[in-house]
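In structure tokens, one chain follows: the form predicted on its own.
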């Protein structure tokens, strides 16, 4: 055999091996929101250094693709948060299904009823994921009719982000310099009055004008309802009832706060965040995902947020409870062949193993009981960990839960911005809820 022929065979063999290796790769698609940040994290694989939802999520996928030994390639499909579920529904109708998709557990019930999401307990077990390690709220979030339908990813909830300096100016701190949390609506109103009189600033800052701001008001309403032991569906899941004493009290409480000028009006998200960091209000109403942002802001020398702490939304009535939801991962029905399903299990196990990193950098609470002790070492996190025990959500039997979030939030924001009285807002919420559930 000539040298030329030998070299040709070697090259051909190498090409065949490379082609075969490429052919053996298993690609899985991964539909998610959490934003796009390729300019900062497009090539990042250092998970421990990533910050923010987008940064951590992007880095996790990069790291998995670079390190997994199973020849699996995860292809992210990044979708805007606002239209995410509409796009997912359209893709399902077109049979263009992602292998794995992010899903709020508030949405799972509708997708289960549409036969899109099936139980995945066997997949989780095969992947080596221990369901018994789920926190109570996370397990409830992914369970329907006794079966686990998703891998929970986090618990996120509603907080009071507190400017301690303003509380101090109003004399509302204890002997240790910690802010005193009100234990009733009357105590809250008294504190708000003291802060307004002594600082000229509102008690609450909250965004209430953009379409996405409806979530802010709805989460506040749900928490006020749940701490009273209230139930929006006391007579079954086919009809909401905004005429209960608890629902009326929740609306009237917000109305009282707004009428006295104790909450900002006509403020968007950027205005609320900037106003709080600038020292222009005592309490920012927003989620767990903002803790690191506030810590970073408070650390700056020129910040108006000189002292900061995070607190669970206080119990103003009779029981500890707070609105909470979860992000989770589902495998849509019909999306995976056997090879893809096996690859999806490997990636889900990787995400499970990285749950602390997501909680650390993404700003949410972990869903694994076994990592809570490590999570508790992070600043301010000991103050919010009980959310995994007292977090509350609508039952999965309630249809169109994001529709309820929108209509409730819009009506509450109408009260805040002076466009409606509580009685009219309650009446309109009832009519809109009836229309929402009438659509089959």
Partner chain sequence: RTTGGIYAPPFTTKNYTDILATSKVFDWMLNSAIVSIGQTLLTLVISTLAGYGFARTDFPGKRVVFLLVLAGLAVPEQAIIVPLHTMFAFADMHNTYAALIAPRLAFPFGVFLMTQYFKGVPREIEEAALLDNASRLKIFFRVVLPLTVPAQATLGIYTFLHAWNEYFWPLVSATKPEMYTLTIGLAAMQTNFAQTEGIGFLMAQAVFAGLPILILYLFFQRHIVTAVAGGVSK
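Numbering follows the first chain given and starts at 1. Everything quoted here is computed from the prediction, not taken from an experiment.
Keep in mind that the form predicted in complex with the partner chain is missing from the display, and what follows is about it.
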Checklist entry - How about residue 237: is it within 4.5 Å of the partner chain in the model of the complex, going by heavy atoms? => result no
Checklist entry - Do residue 90 and the partner chain share at least one heavy atom pair within 4.5 Å in the model of the complex? => result yes
Checklist entry - Is there any non-hydrogen atom of residue 318 lying within 4.5 Å of the partner chain in the model of the complex? => result no
Checklist entry - Are any of the heavy atoms in residue 290 no more than 4.5 Å from a heavy atom of the partner chain in the model of the complex? => result yes
Checklist entry - Which one of 132, 338, 302, 197 is close to the partner chain in the model of the complex, taking close to mean a heavy atom within 4.5 Å? => result 302
Checklist entry - For the chain shown here without its partner, which stretch in 167-175, 266-274, 134-142, 106-114 has non-hydrogen atoms within 4.5 angstroms of the partner chain in the model of the complex? => result 266-274
Checklist entry - Within 56-80, which residues have a heavy atom closer than or equal to 4.5 Å from the partner chain in the model of the complex? => result 76, 77, 78, 79, 80
